[in-house]
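Just the one chain here, the form predicted on its own, laid out as structure tokens.
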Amino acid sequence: MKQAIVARADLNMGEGKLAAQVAHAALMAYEDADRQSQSAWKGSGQKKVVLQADGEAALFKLADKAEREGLPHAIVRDAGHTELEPGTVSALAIGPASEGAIDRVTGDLSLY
């Protein structure tokens, strides 16, 4: 079991902003998962990987693929209180789900 969080590298977010967006995405996707997946992921150490993509279109393409695969996922739109304009799409989380299922969607992305 694992979760993949994909953040937009093209936004050049500061470290704190990036950490906040990743945290928002991770929690939102966890809440989208069924109880069995939540429990299995929590019981196996809550494995996560943070990956990068360039641009909003890339995140939506990955979200569509996750949707087709039946994977829990969530897109983060920033509130605009600090570095980003309100509504900016900043991150996507996919999972928790099996590593194989996550890798089918995100396996070609680079680590952040």
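For every residue, the number given is its place in the sequence shown, counted from 1. On a predicted model such as this, the values are computed, not experimentally measured, just so you know.
Quick note: we don't show the form predicted in complex with a further copy of the same chain, though the next part is all about it.
Within 4.5 Å of a further copy of the same chain in the model of the complex, a heavy atom is found for not a single one of 59, 74 and 102.
This chain is drawn without a further copy of the same chain; in the model of the complex, the residue among 33, 63, 50, 53 with a heavy atom within 4.5 Å of it is 50. Residue 89 falls outside the set of residues with a heavy atom inside 4.5 Å of a further copy of the same chain in the model of the complex. A residue is said to contact a partner when one of its heavy atoms sits within 4.5 Å of a partner heavy atom; residue 40 fails this definition for a further copy of the same chain in the model of the complex, lying far away.
At the 4.5 Å threshold, heavy atoms of residue 10 stay clear of a further copy of the same chain in the model of the complex, well away from it. At a distance threshold of 4.5 angstroms between non-hydrogen atoms, residue 28 is in contact with a further copy of the same chain in the model of the complex. Residues 13, 15, 16, 18, 19, 20, 22, 23, 24, 26, 27, 28, 30, 31 of 9-37 are found to place at least one heavy atom within 4.5 Å of a further copy of the same chain in the model of the complex.
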